[in-house]
Structure formats: C-alpha cells, structure tokens
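The data below hold one chain only, encoded as structure tokens and taken in the form predicted alone.
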C-alpha cells in the first residue's frame, strides 16, 4: 500500500508589494532583490486576513473531490500562532464544516513543522487506510522595517490531503533527520517580528542539509543522481541554488550548475512572487513544480529538504504518480495570483503598521480581503471568523 499526497492546493494574500518599490525607497537597484535573493514580490496580508483565513482558503478546493466524513485528523503547522492555547486549526475546522469526529492539533518548530505533520499523517493513514488527514501549513513572514530580512517577507498557506493510494505523490518511508540547539532565528512571545542572524542561519541550514542527507542515505534513501527534482525550504529563492551546490558536494556529484539549476527551477516560481511562507514554502514549491514543469512528471523522484531554524531538519523523497495532472488546481492558482492588488510603498506601510486590537473591546475589522474567508471582528479577545 502506498501513502502520500492525494491532493494539494495553496493560497496567498490578496495584496503584494513589488520589491522594486522597496528598492526605490532604499535608493538601490531592484536587481539586488530580483537577482541577488531571487525575489520579485512579497505577499502582504490585509487587516482581515491571517493564518486561519489563508489556510481555510487553501483547503477549500480539496473538499470538492473529497468526502468530508473521511477526514478524521487536521494537523495545522505554523510559527505564526494566533493563540497560546487554542489551535488555529480548530477555527479552520469550523469554517470548513468538517465532522466533529476529528482530532485537531497545532504543530510548531519554525519552518519545519509541516513536514512533521506530513510524516505523522502518513503514520495515521497507515493504521487506517480508509481515512484521510488534512495537513495545513500557513504563515506570515514578518521582520522589522529596514532590517536585512524585510525584503524576504511574505505569506501563504498550503493544504494537503494525505491518504492511501495517493493521486499525486507517494512518500517513501526513508527519512534522514538532524537536530541541533542553535539560535539562528527566533521570535520571543513578546515580539511580533522575528529576529534572525542571516549569515549564521544560512550556514546552519547548509550544515543541517549535509547531516540530514547523510542520515537519509544511511537509511537507504536515493542518492543525489537518482533524484529528478528537489524541493527545498525557501526563505528566499536563491537559497535553493546554495543548497543544490552543497548537496552535490556532499554526494560527490559532478553535475554542472545548469543541470543542478534545472532540478529546482520549476519549484521556485510561486515563491518568487509571494515571498517567504515559512512552514508552507517547501510544499508551495511542490505545487509550483506540478504547475510549471514542462515534462510529464509521472514516475519522477522528488527529493525534499525541510529546515526549521533552531534547528530541526529532515530529508526524504517521493515518486510522482501517473495521472497526477488530472488532480491539479493550476488554473485556480494562477487566477488567484493574477487577481492580487499591488500596493504602493505608502500603502504597504499602512498595512504593516496595522495592529490587532488588544484591549478586549468589540472591534470590527476593516473589510479588505476578497478571499473566501475573513476575520470579521475581535470581541472580548475572541476572534470571529466568517465566510464572505
């Protein structure tokens, strides 16, 4: 019995800032961002958008071809939690009308936790092959204004149905892991923006890749030359290039730069235009591969490297299932991106500086999103969501 991703869809905010606008304000060339870090735009959430509304919107298309009653677990991965106690997934459970006979849990470990959710989901399905697990990863990457991380901000959510005999990709059981206690990126409870040591984080990312891949090989995994494509966690798109060079070196592979680039190029398209989406980025990369690969991917082996600062990393792989194209949501994804509204730099600052009311009063949120769900109000510290 094979287990893996039966369906997948992603969603991002209705607003974006072109990084040229940021570059103009900073009096630098836009290519510092376009070419230097491989980013073109950053997704910006409206006042009535958050990780819940994006996750619910990402999951909505999956329910068109799935019996809700078959979903008995919802795993929500995020590092942009909205409550220290209640799982964000419980709000999504209600918005989607999922059955009450369903467990819901939120997972956290920086950008890695969606992979933990996928592996847990595969184990659950192995016990009950007739059931499906809904995995949601949703995040808003936010850094201080004028910081080195500002241009890598973004947001997005991905929804995956994990099931037996999947229609999209079979996940292989071999998996390599690596954990080390480091402080390369963190966000204390009292801060709304993250702290990051960029150069150190890149160094740890590449070290974790080397160690996780070595463990993956020890577990009987495929070698670099046996992989057709690679999906990496993408804090910025150029990171994939650095990772490919490191992985080829680890495996003593002599492929040239063009060949290595071709293995990741289709996975980067969406990330370039929405920015960093933390837990969701690696799997939005998979969606991008499905939606943009020129060749038929049936039977192709895809490697995955998931990294979460702090740090936890995992390397694994999967094989694309024949007929996968019949289950994609490509047109929906492209129409969503084309419908977004571009912000001026001044408008971006207004969005950035908006603060969620914290006084316990009754506050209606400005109606800004055009998505299917919105944060309608906050009443006595309670978040009230609704469908549009």
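Worth saying up front: this structure is predicted, and the values here are computed from it rather than measured. Positions refer to the first chain, counted from 1.
What comes next is about the form predicted together with a small molecule, which is not displayed.
Just one listed stretch, out of 351-359, 34-42, 54-62, 335-343, contacts the small molecule in the predicted bound form at the 4.5 Å heavy atom level, and that stretch is 34-42.
Not one of 18, 269 and 330 is positioned with any heavy atom within 4.5 Å of the small molecule in the predicted bound form. The listed set 208, 111, 157, 135 contains one residue whose heavy atoms approach the small molecule in the predicted bound form to within 4.5 Å, identified as 111. Think of it this way: in the predicted bound form, the small molecule has a heavy atom of just one of 103, 191, 242, 249 within 4.5 Å, and the residue is 242. Within this chain, residue 309 lines the site of the small molecule in the predicted bound form, having a heavy atom no more than 4.5 Å away.
Taking the partner from elsewhere, residue 238 is found to have a heavy atom lying within 4.5 Å of the small molecule in the predicted bound form. Put simply, residue 315 is far from the small molecule in the predicted bound form: not one heavy atom of it is within 4.5 Å. Not displayed here, the small molecule is kept clear of residue 119 by more than 4.5 Å at the level of heavy atoms in the predicted bound form.
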